[in-house]
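Each of two forms of one protein chain follows alone as structure tokens, named structure 1 and structure 2.
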Structure 1
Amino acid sequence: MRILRFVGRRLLQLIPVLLGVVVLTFLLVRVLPGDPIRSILGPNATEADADAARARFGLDQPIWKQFLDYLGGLVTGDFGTSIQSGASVTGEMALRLGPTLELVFIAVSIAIVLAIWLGIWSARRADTVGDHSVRIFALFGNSIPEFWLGLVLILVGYAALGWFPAPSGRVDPDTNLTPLTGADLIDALITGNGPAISSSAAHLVLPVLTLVIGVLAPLLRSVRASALEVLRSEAYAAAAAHGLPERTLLRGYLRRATLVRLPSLAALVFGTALGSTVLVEYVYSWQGFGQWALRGLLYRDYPVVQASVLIIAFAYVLVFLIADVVHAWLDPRVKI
């Protein structure tokens, strides 16, 4: 019950933030220079053509009317019509979210497992050569430009060794994969399309690896820091002084206490991954949410910009909320 009340209160707190995001995006995209209509019409269009197009997208209305229309649509889950493609933004977005979530989800999962393992390993050897190497590795991971790392992996994995497919999509079109969720590996598994399974898996390796390295570094540092804190705590010292076996200490005391921090770390890293995925998708021509949102921004496609900004903000704050709930559930000391 307390958890429900907590979630309710937090959701209420989100409303002003998200409303602020909605208003700010709506205004900024219109106030700042750039015209979505001119970019679809081409250079030879007359002023009358432009006016007609504006009327078609409702851009001739006063701004408060446009805003009310937009809000009215939002309530029913309708994000409007893309000016660039003329298609429904909700539909386009649904197609684009799958591929991106597939990438982010796989990469973040791998990074979390690796970070826990390496971080605890490193903390138990604090101030030894092994620990210092892990930390230097984490510093490298923190400092490496992901998009460049992606290119280096392409150079090695595709151009030099030829082990992985060219960075030009998510699956070989010859496999005739039926799109269901947009996440190609999952679609291939559901439809039992053998060639598509291996093709989409092969296409996933390099982009996932790129994201993992970028995401692993900050996670690793945090896991190491919180494991160190546990190791230096009195509770752990007491347990160790009682002569508990090594395995019990590691599993029952160290790993569990460190894991309690994980939800908030994962949430933070989710945000980093969302940012990185825009670059990684660009490098590998992934055609996901990031590339869609980027195109929308570049062409000032108002409905696309509004929808993608709102969805990212919503996903981000929601992930933090989930993290707090899971944290409270894992750690009995947390009062919510």
Structure 2
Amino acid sequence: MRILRFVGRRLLQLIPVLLGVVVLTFLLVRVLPGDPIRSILGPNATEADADAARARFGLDQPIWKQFLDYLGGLVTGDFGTSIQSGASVTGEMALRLGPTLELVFIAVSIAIVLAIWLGIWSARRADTVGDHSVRIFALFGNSIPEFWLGLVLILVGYAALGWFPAPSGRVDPDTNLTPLTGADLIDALITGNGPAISSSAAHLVLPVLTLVIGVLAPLLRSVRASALEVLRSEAYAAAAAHGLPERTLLRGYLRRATLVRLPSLAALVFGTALGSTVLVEYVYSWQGFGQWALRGLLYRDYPVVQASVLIIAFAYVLVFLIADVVHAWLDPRVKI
């Protein structure tokens, strides 16, 4: 019951936060240099054409009127009309968000599991060759640019070895996959399309691996540091001195105490990965949310930029809410 009250309070706090994001984003995108109408119509368009386009998208109205119209649309789930394509931003976002969420969720989930296993394993073997190897890998993951790593994996996995499909999309077009959620692997599983399942899974391997290496590094270092702190604590030494079995020490003391810090960092990593997948999506021609948001920014497409920033802000708040609940479950000392 306490958790439900806590979630309810945090959801109420979500309203002013998102409202602030809406206001700031609306104002900031309009002070960016460049005219979105001119960037779409091109240099040969007449002033009459530009005025007609501005009237079509409501850009000829006063700023306060544009904001009220935008705010009224948000209440009904309408993010506006894309200046670049003329299509509904809500519809475009629904097609683009699924592939990116699929990619980020799988990558972060794998990274969390590997970080827990490798971090605790490394801490229990501190200052050995295995521990140094794990630390070097974490340093490598922190330092290497994701777009460069993606290109290397393409050269090795596709061009040299031929183990994985070409980086030309998310699924082979001849699989006749019926789109439902935008996440191709999930859609293939829902529809029971065997060829699409194998094709989408194969296309996921390299981009997921690229994200996992970058996401794993900070999680791994955090888990290792927490595990070392627990191993050197008086409580763990006392439990070991009482002759508790190794399995009890690992599960009841080391693992649970180590994971206390992980939820908040995992939430931060998830939000960061969601907002920074654009380079990975470009390298692998993923056609996801990051590419869509960057294209909107380059073309000064106000509704697209506003919607993408709002979605990323909502994702941050939501994952941190989940992280706080998990943290409270792992650490009884936390009061919510």
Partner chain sequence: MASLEMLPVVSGTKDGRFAKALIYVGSGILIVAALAAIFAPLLSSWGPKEIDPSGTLAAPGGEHLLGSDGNGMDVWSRVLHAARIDLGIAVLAVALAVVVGTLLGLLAGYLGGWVDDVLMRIVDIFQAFPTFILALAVSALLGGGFFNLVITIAAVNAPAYARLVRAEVRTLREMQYIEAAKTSGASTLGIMWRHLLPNSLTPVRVIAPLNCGWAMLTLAGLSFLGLGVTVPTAEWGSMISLGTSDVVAGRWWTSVPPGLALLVCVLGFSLLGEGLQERADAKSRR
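In this text, the rigid core denotes the largest set of C-alpha atoms whose superposition between the two forms falls within 1.5 Å. Residues are numbered by position in structure 1's sequence, first residue being 1. Note that the structure is predicted; figures quoted are calculated from it, not measured.
Structures 1 and 2, same chain in two forms; the form predicted on its own is found in structure 2. Relative to the superposed rigid core, the position of the CA of Ala315 differs between the two structures by less than 2 Å.
A movement of the C-alpha atom of Arg221 falling short of 2 angstroms is seen between the two structures when the two forms are aligned on their rigid core.
Once both forms are fitted on their rigid core, the CA atom of Arg96 lies less than 2 Å apart between the two structures. The shift recorded for the CA atom of Leu19 between the two structures is 2.5 Å, with superposition on the rigid core.
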